[in-house]
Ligand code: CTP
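One chain follows as structure tokens, the form predicted on its own.
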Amino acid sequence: MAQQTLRPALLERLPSRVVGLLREIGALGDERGCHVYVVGGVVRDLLLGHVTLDLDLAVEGDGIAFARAVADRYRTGLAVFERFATARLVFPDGLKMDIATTRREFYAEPALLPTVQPAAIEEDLYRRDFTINAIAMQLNPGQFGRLLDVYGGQRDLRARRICVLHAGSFQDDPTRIFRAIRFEQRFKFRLEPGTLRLLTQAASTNLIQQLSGPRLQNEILVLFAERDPARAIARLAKLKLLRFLHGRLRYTMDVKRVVLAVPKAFAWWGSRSPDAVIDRPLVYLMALLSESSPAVIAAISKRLACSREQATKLSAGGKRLDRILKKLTAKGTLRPSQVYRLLVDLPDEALVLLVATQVSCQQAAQLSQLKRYLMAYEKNRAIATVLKGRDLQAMGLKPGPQYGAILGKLLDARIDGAVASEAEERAFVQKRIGALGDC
């Protein structure tokens, strides 16, 4: 039995500008003779006492035509996805909103994207992943705030449990396995016993292997973008889901310690470089791969259809960092230029991982030394030489590979403080040109 209660005060928890916009969109629904609902995450979160602006609207009628009407009225950006009867709007103030036709879905084969057909709101809610995400609130005037809970989502929210809507849910869409883990860990809910049984059965098959690389990557990185990804990673390991990244990937105690150390590494890095842009989910993936070989990391990059930038960052991690870390934490002191050469080719994500790896070892003296080197490197990587290749040519050096060698040594001298002016750079270079002439 559907629960239908009028709770406009629930939507009033949203920012006033958003509430006003939703009321106006509801009125536009009346003008166009269609029922308009806000559905999914925003309703769930409001019922949990949280405010999010994950605005998904469902329209009983032509959702794309309605989205175009909204876009015209508010002069928004508009992207239309005809196959899924969905449109995405971006308002001038940056607010994003998805508007879709209420629909039913058919899966020709497991793990493939569905075929959709228009349907009533009740069927639209039934196609969703979990009962807690299958709650709608109507926006039309006179019905503004009417809560439509057909499948017991409020009951499951109160019971703090994750429950699928039907037995074939995970077979239809294996990405729901990752979403179940995400919501379980985010809200500290539990998987309802029947849902856990269905998830475990689906996880024991190769359904996830049938997912495309981009879809699998999206679910993994969204999961790792949660506030506490370590809990989710442990859950993936317990359910034996890491094998879908690579058959040789293991969640050992050492890897676990690195993953658990990532928040401290982020905190330290943020205190030193508050404006730095770090791909946080990718750092957690790199931490998970911290004991993996280059071959395994390359295979995982390929499986996830990583971009060139993502693949480059991932390849900087794993066992390749061991050699660098050993040199940075060994007894004795490295020159600033030696530290620079060790780190210059590493992305910032790998530098954060270096800190996490050392934090996990709980060696205070070595961690302190690593941090000193990293702080010095941050300062020194902005240093540049005054002289360039054209200057070397003007000084009589013929073009060739020696340009790079001399300029590299000159930069090292700058970083180490051996030269401090253009005149000193010229003397440094002239001496090396002379040495070449003597050869």
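A residue's number is simply how far along the shown sequence it sits, counting from 1. Worth saying up front: this structure is predicted, and the values here are computed from it rather than measured.
What comes next is about the form predicted in complex with the ligand, which is not displayed.
Thr175 is the sole member of Gln171, Gln369, Thr175, Gln154 with a non-hydrogen atom lying within 4.5 angstroms of the ligand in the predicted complex. For the options Phe244, Trp269, Phe183, Phe144, the one in contact with the ligand in the predicted complex, meaning a heavy atom within 4.5 Å, is Phe183. In the predicted complex, none of the heavy atoms of Thr329 sits within 4.5 Å of a heavy atom of the ligand. The ligand is not shown here, and in the predicted complex it never comes within 4.5 Å of any heavy atom of Arg103. Residue contact with the ligand in the predicted complex: Arg179 places a heavy atom within 4.5 Å of it.
Though the partner is left out of this view, Asp56 does reach within 4.5 Å of the ligand in the predicted complex, counting heavy atoms only. Listed stretches are 303 to 311, 123 to 131, 154 to 162, 204 to 212; the contact stretch with the ligand in the predicted complex is 123 to 131, by a heavy atom cutoff of 4.5 Å.
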